[in-house]
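This document starts with one chain, in the form predicted alone, laid out as structure tokens.
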Amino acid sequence: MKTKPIIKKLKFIPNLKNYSSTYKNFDYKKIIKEMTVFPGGKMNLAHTACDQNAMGYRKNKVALYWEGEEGQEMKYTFLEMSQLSNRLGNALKSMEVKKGDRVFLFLPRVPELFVSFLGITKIGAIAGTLFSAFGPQALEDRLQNSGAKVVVTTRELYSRVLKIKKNLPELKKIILIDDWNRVNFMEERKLTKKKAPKDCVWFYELLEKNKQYLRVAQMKPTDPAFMLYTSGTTGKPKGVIHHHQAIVHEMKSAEFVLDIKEDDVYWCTADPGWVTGIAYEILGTWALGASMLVYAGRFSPAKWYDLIQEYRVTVWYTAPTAVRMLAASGASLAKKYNLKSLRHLASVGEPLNPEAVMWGIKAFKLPFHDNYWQTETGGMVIANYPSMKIKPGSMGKPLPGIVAEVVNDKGKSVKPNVEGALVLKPGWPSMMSKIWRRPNKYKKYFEHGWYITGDRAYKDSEGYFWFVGRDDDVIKTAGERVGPFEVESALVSHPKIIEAGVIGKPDPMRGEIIKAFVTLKKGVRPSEALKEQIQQYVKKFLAGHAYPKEIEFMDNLPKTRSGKIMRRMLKAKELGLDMGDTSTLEVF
């Protein structure tokens, strides 16, 4: 739905004052040179994000405001974050973790996650983050493929790791965090002594034993720093590697798009298991010296408004699903709170529908600004900016330093308002450096001199980009990417299911929901009770967001003659669309 462009009257001076002139004259090479503070053109993204603040006038400034689900409140200065992460870095070195080793964080949104990410990358190891909702199979796929040497987790989540530990020969040590020792280490409270399970060590005991001074590893800008697993339409999840210079683009995009300023209190609602939580909670934001809010509790409109009011949040970055759920609670609820501290709103995760943009104006007198990027891009690549008019429903325009285009199947640009493949010119600082152990997969992202996003779009006559859809079958539900293959694998492992096909079905609240089509084993009768049983099974197998909200039983699934289930046929059937060419189908 297209609506009239929104021209804003800003009450602040935006960081990006003139898009056209900045875009024309922007040069990433100069900025990278400025940010390589170590001899020989070297850097370390954790040093850039945290230590440089801790060594200067911001050392006693709050870096992290943290609130737990039960109302626990903690805060950490940049100096405290620097010293705690130094202690963890030293601890990892004592465990013989070296440059390039993988250390994974299987944690909820707790302060120790941020401390750990910094500590890992400070010593040149590769940090990986995992959603705390992952079940044993999802964990095994990622930890096994990455060859993780150490996992940091909580005692509650440890039981899931224990179930698969025998299948992880490269996993040498598990670092455990628990509520009983979640204290501000700088208060020097005496730790309760409990014996850790075999092959485990307590997080705070490690910190207590190690020094708060660390010689930070001086890394080449193109050395690997962190990795995330993202789902595809076939095969196992793929490990996307990002290098230290990723922070250069993440910082500049946070400056231009989120309009982060030093005195901001910024709240990004994303989980650090997702790239947004790394790029725009840990890295880009702190590199600009802003304070960050992290809330570990569940979604609640009233609670969210209370947090904005209490912490006087100025910049808010959240997901379209959350915006739709807030809208469902009504603008009258928002008006019960003092939300005048807010000055800029942005959205991430999936296309933002025009109604959500307009609702922001109704509830907060501020529009939500949509932007576009992927795990593989490492940062925003197309966005709406405070200084530019918004065309509700549009992704906006490319960031300075990014060349985006819409092309045909030969890689040639198409005319305005003509749909084509959305592509980017390779070479920006946060572009993924490789797919872990899958070089051929990495090469497939590039064609005709372009990075292929896998999405379709069109560009209007004013240079605004508009998202059309995904070339493949990856499902985006409530801002999370879910690969059909993973869900199908979980389904067919159920003792009563013989085969399954999974699609994304449009949903006004979540963007898409997962719908599964399943064929039951002979003699098994379909029922509503069985549907519920299957849903709970998949929840435990994968993650809370990766289960099918709808299940349909079928005698046969559409397949090619080679046996590949045709998801596009399932989707066409569900949505009443043209089936297209069915000549290669075996059955339907």
Ligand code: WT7
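Fair warning: this is a prediction, and the values are worked out from it, not measured in the lab. The first residue of the shown sequence is 1; numbering continues from there.
We do not show the form predicted in complex with the ligand, though everything after this point is about it.
Have a look at T154, Q374, Q137, S489 for me and say which one sits with a heavy atom within 4.5 Å of the ligand in the predicted bound form.
The residue from T154, Q374, Q137, S489 that makes the contact is Q374.
So which of V257, I120, I503, V275 gets a non-hydrogen atom within 4.5 Å of the ligand in the predicted bound form?
If I apply the 4.5 Å criterion carefully, the residue I get is V275.
Partner absent here, but in the predicted bound form, which of 303-311, 428-436, 350-358, 108-116 has residues with a heavy atom within 4.5 Å of the ligand?
Of the stretches listed, the one contacting the partner is 350-358.
4.5 Å heavy atom contact with the ligand in the predicted bound form for all of T230, F467 and K476:
Yes, because T230, F467 and K476 each have a heavy atom that approaches the ligand to within 4.5 Å in the predicted bound form.
Hey, in the predicted bound form, does D370 get a heavy atom within 4.5 angstroms of the ligand?
Yes, D370 is a contact residue.
Can you work out whether D101 and the ligand are in contact in the predicted bound form, taking contact to mean some heavy atom pair no more than 4.5 Å apart?
Contact with the ligand, no.
Although the ligand is absent from this view, report whether E405 comes within 4.5 Å of it in the predicted bound form, heavy atoms only.
Heavy-atom contact with the ligand at 4.5 Å: absent for E405.
Considering non-hydrogen atoms and a 4.5 Å limit, does the ligand approach M395 in the predicted bound form?
Residue-level check for M395: yes, a contact with the ligand.
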